[in-house]
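Quick heads-up: it's one chain on its own, the form predicted on its own, in C-alpha cells.
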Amino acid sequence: MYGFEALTFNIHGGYLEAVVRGHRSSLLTASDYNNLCQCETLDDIKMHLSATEYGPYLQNEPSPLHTTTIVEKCTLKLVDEYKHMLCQATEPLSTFLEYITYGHMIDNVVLIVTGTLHERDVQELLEKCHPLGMFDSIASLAVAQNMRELYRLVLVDTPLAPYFSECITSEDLDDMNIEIMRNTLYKAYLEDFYKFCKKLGGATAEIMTDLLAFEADKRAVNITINSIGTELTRDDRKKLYSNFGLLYPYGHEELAVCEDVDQVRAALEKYPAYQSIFAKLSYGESQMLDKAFYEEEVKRLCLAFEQQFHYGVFFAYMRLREQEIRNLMWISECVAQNQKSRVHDSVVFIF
C-alpha cells in the first residue's frame, strides 16, 4: 500500500507522470480500431491515422505505402516519447526507464546472432532491430562464434553483462542454443527488474511486482508449449522459468512435466487468475492463447493508471503503445494482403 510517497513523489516524478498520462489519453480507442478495420488500402489507414498523434510522423510518406513504413513511423513516435521522458528523469526513475528497454536489447542480440548464423547481411539485420534496444557495439555481434566470445567481445560493456553469467558456455551457437540463451537472459532480466521494483517499495513495488509476475508466468507457459516435442529435458525446461510469479514454485513443477497443450491447461486452471484465460479457448487450441494473454495483460496495464504516485504507469504506457503498434501492423498486413475477414483475429482493444 501507499507509504509516504504522496508527500515527495511530485518533486521529481510529478511532471513526467503528468506527461505519461497525457500520452496515454492519445492511445487509439475501440472506435478508431473499428474505422481502421473498414479501410480498403494502406493509404486509407494513413488518412485515418493523420487525425491522431501519428499524423506528423506519416504525413510526408509517399504512396504506395508499405506495412513496414507504418510500423517504423509509429515506433519512431514511441522512441521519441521515451527519449523525452528519459532526458527529464532523475534517479531512480531513469534507471527504471532503462530497465524497460533491456528486453528489446535481448531481442536485438538474438536477432543479430540468429541472422548471422543463417548468413544474413548485418546491415539488413540492424535495420530490423528495435530502436529502443540499440547499443554502440551491436554490429560487432556478428563475429562471435560461441557464447563466451559473444560476452567477451561485445556484451561485457552493455547493461546485459550481469545476465550472461548463467549462459556462458563454449558450445557453438545454433538455433536451439540461441533460443535457450534468449530465455535464460530474459529470466535473469525479469528477476533483476523484480528485485529493483521491490527495493523501490510503495505503490511502485505493489503494482510492478504484479505486472512482472504475470510476464514471468506468461513466459513460463510459452516456454512449455514451445518446448513440447523438442530435445529440451524437463530439468532444462525448469531452469528457464523465473523464480517468482503466481506459478512459482508448484505450478512450475507441473509445467515442467507437461507433454501437450491440454496438460498445460489442466495445470493452469488451478489458478483462478488464469482460469478465465483458458475458459475462452476450446481444448487443443493454442493458436489463440497469445491473444488471450495479451488481452489479460492489457487489462492489467490499464489498471496501473488507476493509482497515482508510482512508476508502474511508465511501464504500462510503453507496453500499451507496443500493443497498439502490433495491432496496427496486423491491420495493415490484413489490408495489404486482402485478408480483411481475418482482421479481428489478432487485434487487442485497449480501451
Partner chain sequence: MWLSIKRGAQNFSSHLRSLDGLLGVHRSQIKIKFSVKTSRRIRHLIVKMSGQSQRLNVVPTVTMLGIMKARLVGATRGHALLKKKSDALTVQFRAILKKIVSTKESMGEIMKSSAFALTEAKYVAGENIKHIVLENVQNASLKVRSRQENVAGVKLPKFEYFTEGETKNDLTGLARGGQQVQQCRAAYVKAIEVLVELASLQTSFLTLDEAIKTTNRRVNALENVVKPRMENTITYIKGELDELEREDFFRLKKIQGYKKREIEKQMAAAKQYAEEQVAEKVSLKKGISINSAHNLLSKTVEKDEDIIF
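Rigid core here is just the name for the largest C-alpha set that superposes within 1.5 Å across the two forms. Here the structure is a predicted model, which means the values were calculated and not measured. Numbering follows the first chain given and starts at 1.
The same protein has a further form, the form predicted together with the partner chain, not shown here; the description that follows concerns it.
Contact check for M329: a non-hydrogen atom falls within 4.5 Å of the partner chain in the predicted complex.
Heavy atoms of E179 reach within 4.5 Å of the partner chain in the predicted complex, making it an interface residue. The partner chain is not drawn, but in the predicted complex it has a heavy atom within 4.5 Å of Y294. The partner chain in the predicted complex comes within 4.5 Å of a heavy atom belonging to L232. Within 4.5 Å of the partner chain in the predicted complex, a heavy atom is found for all three of K128, R219 and N338.
Comment: 106 to 114 is the region of 106 to 114, 196 to 204, 86 to 94, 271 to 279 lying near the partner chain in the predicted complex, near meaning a non-hydrogen atom within 4.5 Å. Here is the short version: of M208, L240, I138, A256, the single residue with a heavy atom within 4.5 Å of the partner chain in the predicted complex is L240. Exactly one listed residue, out of I223, A267, L150, L247, brings a non-hydrogen atom to within 4.5 Å of the partner chain in the predicted complex: I223. After superposition on the rigid core, the Cα of D262 moves by less than 2 Å between the shown form and the other one. A displacement of less than 2 angstroms separates the C-alpha positions of E253 between the shown form and the other one, with the rigid core held in common. Once the rigid core is used as the reference frame, the Cα position of E98 differs between the shown form and the other one by less than 2 Å.
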